[in-house]
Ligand SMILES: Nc1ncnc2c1ncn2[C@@H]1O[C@H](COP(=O)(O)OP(=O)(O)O)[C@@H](O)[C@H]1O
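In the form predicted alone, a lone chain appears below as structure tokens.
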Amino acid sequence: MSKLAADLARALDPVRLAEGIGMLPDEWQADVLRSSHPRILLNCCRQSGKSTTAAVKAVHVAVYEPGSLTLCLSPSLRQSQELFRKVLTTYRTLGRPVASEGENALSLTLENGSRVVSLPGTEGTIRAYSAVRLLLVDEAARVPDETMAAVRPMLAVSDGQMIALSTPWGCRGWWYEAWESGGATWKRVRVPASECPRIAPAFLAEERAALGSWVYSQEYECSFAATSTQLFSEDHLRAMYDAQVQPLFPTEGDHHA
């Protein structure tokens, strides 16, 4: 295949770009790479390849959508830089398909006008950006609600795509609420460790014994577990505000003649 034909194939299909770095995407990874759904939740176990998938998506947008802006957001700047580092590695492994005007630990600027930027994880320092084409939120369950409230408007004018990737972190926060009650707004992808061909069953058995059921269920089974110090379960707390749930001890006004 000629270089031009290969480039055209990559432009039309992000999976071909992934193959260009030696990645053979799992079925769910190929689905995410090709998806144009505006809001995607990746509830994937540790080491499943979710951040690599996000990095490939970012490079595809930057290379083949001139003038686009991609933001990498995590709870801390260090974590954002880790995701961004995978973006840079993908871009360089591909042989810099579009020349860069600048590469550093926080941003990549291409000659076609596209940018990929690593953001700090605090609400007060991320408001300057607009017209975002792709927003990648890593460790999304740990990103504070107020930070998400600050970045969501960045997608308004561009009608951009958000991909939020994480393992669960208890029954709390915006990511949990989006997964449980976000409705059709979100495309949900769940990948427990048992469905990842790169993780050996023997390793998982060792991790289950070492971590205990609560931590293991979140890190490897993608389950939203109540915290070990929580007195009432999430179901009980929700029932307190559900008019369809009958009280155990009806008051006088609840009796019917």
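Keep in mind that what you see is a predicted model, and the values were worked out from it rather than measured. Numbers for residues come from their place in the sequence shown, where the first is 1.
Unshown form predicted in complex with this ligand; subsequent notes refer to it.
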(request) Using heavy atoms only and a 4.5 Å cut-off, determine which of Asp26, Glu221, Glu207, Glu195 is in contact with this ligand in the predicted bound form. (result) Asp26
(request) Would you please decide whether Arg85 lies within 4.5 angstroms of this ligand in the predicted bound form, comparing each non-hydrogen atom pair? (result) no
(request) State yes or no: in the predicted bound form, is some non-hydrogen atom of Thr52 no more than 4.5 angstroms from a non-hydrogen atom of this ligand? (result) yes
(message) Is it the case that Asn43, even though its partner is missing from this view, gets within 4.5 Å of this ligand in the predicted bound form, heavy atoms only?
(response) no
(request) Examine Ser213 and determine whether its closest non-hydrogen atom to this ligand in the predicted bound form is within 4.5 angstroms. (result) no
